[in-house]
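Listed next as C-alpha cells is one chain, alone, in the form predicted on its own.
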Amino acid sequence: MWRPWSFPFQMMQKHPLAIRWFHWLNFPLLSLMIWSGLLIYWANDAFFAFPDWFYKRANLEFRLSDGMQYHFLFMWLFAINGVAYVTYTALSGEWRALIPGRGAFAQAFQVVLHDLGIRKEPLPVAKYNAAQQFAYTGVVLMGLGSLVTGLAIYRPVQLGFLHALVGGYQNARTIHFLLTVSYVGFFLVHIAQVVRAGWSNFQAMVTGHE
C-alpha cells in the first residue's frame, strides 16, 4: 500500500523491496539479452538494420557462438525474473495499481497533454498514472512475447505448437526483432520521464520512499 510515513516531511512508501529488486535486475538482464542478440543477429542481418561498420566498431563480428551461449543463458534468468515479478505482483495485490482500469484511455490522453504542456492542471495523485499503467503492463506483455518467439526460434521442432502459434520461424524472428527495437524505445522514453520527474521519483525506486 502506498502510504505516508509519520515524518514531518511526509515521506511516502512507494515501491516494495521485491519490486525494486525485479526492476534493477531486469535492466542489466535485458541489456545483456540485447547485446548477445546482436552477436547472433550479425550472422544474418535479414532486415539490414545495421551497416557493417556498426558491427565492426561494436566488436560484434564473428562472435555467433558467444552470442548464442550468452543469449540462452540470460534468457532463462530474464524469464525467471519476469515470472517472479508477475507472481509477486499478482499475489501481493500490486497489480491493482498497475492494470489500467475503466476510463484509462481518456486518463492516459490527459497525461500526454500534461507532458506536452497543453494541460496546465495538475494530474490526480496516484502511484502510477494511466499512461504508466499502459506502459508497464505493455512491457510485461512484450517480455512474454519475446520469450514465446525466442523459444519458437530456439526449438522450432520440439516446441512446434509455439512455432505454429507465432506463424512460423521467419514471423517469429521478425516479431522478436521488433520487440527488441521496442525495448530500446521504451528505455529511452522511460529514462527521459525519470529525468523529467526529478530526483524523488528515482529515489523511490532505490530506497522505496518518495
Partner chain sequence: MSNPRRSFLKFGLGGVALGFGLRQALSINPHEWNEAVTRRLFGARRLTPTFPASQAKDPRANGDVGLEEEVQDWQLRIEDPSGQRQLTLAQLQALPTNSMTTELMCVEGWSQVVSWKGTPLRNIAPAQAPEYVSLKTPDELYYVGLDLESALHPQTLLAWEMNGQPLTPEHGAPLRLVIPVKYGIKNIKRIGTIQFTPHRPKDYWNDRGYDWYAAL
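Residue numbers count along the first chain shown, from 1. Since the model is a prediction, treat every value here as computed from it, not as a measurement.
There is another form of this protein, the form predicted in complex with the partner chain, and it is not shown here; the text below is about that form.
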- Query: Is Leu159 one of the residues lying within 4.5 Å of the partner chain in the model of the complex, judged by heavy atom distances?
  - Reply: yes
- Does the partner chain get within 4.5 angstroms of any non-hydrogen atom of Pro28 in the model of the complex? yes
- Counting only non-hydrogen atoms and a 4.5 angstroms cut-off, does Phe50 reach the partner chain in the model of the complex? no
- Message: Since only the chain is shown here, I'm wondering whether Trp76 would be in contact with the partner chain in the model of the complex (any heavy atom pair within 4.5 Å).
- Response: yes
- 4.5 Å heavy atom contact with the partner chain in the model of the complex for all of Leu32, Val206 and His209: yes
- Message: Tell me which stretch of 50 to 58, 141 to 149, 179 to 187, 37 to 45 has a heavy atom within 4.5 angstroms of the partner chain in the model of the complex.
- Response: 37 to 45
- Pull the contact list for 166 to 193: residues with a heavy atom within 4.5 Å of the partner chain in the model of the complex, in sequence order. Tyr169, Gln170, Arg173
